[in-house]
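Just one chain follows, in the form predicted alone, and it is written as structure tokens.
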């Protein structure tokens, strides 16, 4: 670290590092560097900040700007050559790890009618949120499920999975969400292609939803010992119906409106060990208060239009737009319509934050709980 950088991290506060450079210390630092070592007090205030310092920045990716480029990828490369035709979302502060925010990756994938990508497995946990098109399907460990708009689909870590579109379908686009950056940071990522390139469908089509999708009911005689949800597909229609029912009997969260988590039906916990997900409804004209918390969040607008203020910056969004909220940044949401509700799908790394005891939350106390945008 340069002399100027060290000076920037000095703090004249009791209990914090505040050591001035001297010729003797500079020579000492050089000696330590030659031994692949260093003095903690030169970096302590940097590596132990007073509060989380995210390198991510708030970003809004407009679907209308990206859609044509996503579809054009199908003209430029084949699924056999590319593996997956995906336009990934690149946060300016996280380009070094190809993350959309924090340690989360996101991209928009497209497939044409009749196409089938090769089956593979990896250490990263993954999800899909269907944006448009008909005839899409996913196969996870022999379980095949058909997909429609706003369906939420899991492909948990270690599972064989592949995607396709039936010959009778239309071009499809969905959002991919993975914790690839986290797996790479932990130096724990593996990737393997299925030896037969495709896997066999070994269960009735749609069996995951049929077995595990009934609210408050568990099937007798079926067991599950995995750390992720046995329900691989969470359909949009019952999700929206559940939100609507809940909205009739609750005031909702002052920070998130009417919000519900997608859960493992057996445990009530997150759908996967490292990635959680939710759907929230902002009622007509609703404007939430601002809060912040540890954890990184990626939102997709499932319904309606409105805006969010993130770290003092306003982002106006409409259906299918995607935006991110970095860790420990104040944020609030508003529905622009006076007559229609708006719904936001979100995936996040809250399971990691909570499992490690790192989750903290704080409400904005000034300006009536709202930011000046």
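Residue numbers count along the first chain shown, from 1. Since the model is a prediction, treat every value here as computed from it, not as a measurement.
The same protein also exists as the form predicted in complex with a further copy of the same chain; that form is not shown, yet it is the one meant from here on.
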Run the contact test on 7, 133 and 338 with a 4.5 Å heavy atom cut-off to a further copy of the same chain in the predicted bound form and return yes or no. no
Where does a further copy of the same chain sit in the predicted bound form: which of 281-289, 298-306, 162-170, 82-90, heavy atoms within 4.5 Å? 82-90
a further copy of the same chain in the predicted bound form has a heavy atom of only one listed residue within 4.5 Å, and of 146, 202, 198, 189 that residue is 189
Contact flag, residue 319 vs a further copy of the same chain in the predicted bound form, heavy atom cut 4.5 Å: no
Is it the case that residue 122, even though its partner is missing from this view, gets within 4.5 Å of a further copy of the same chain in the predicted bound form, heavy atoms only? yes
Flag residue 14 as yes or no: does it have a non-hydrogen atom within 4.5 angstroms of any non-hydrogen atom of a further copy of the same chain in the predicted bound form? yes
Though only this chain appears here, would residue 61 touch a further copy of the same chain in the predicted bound form if you measure heavy atom gaps against 4.5 Å? yes
Which residues in 257-291 have a heavy atom within 4.5 Å of a further copy of the same chain in the predicted bound form? 259, 260, 261, 262, 263, 265, 266, 267, 268, 273, 274
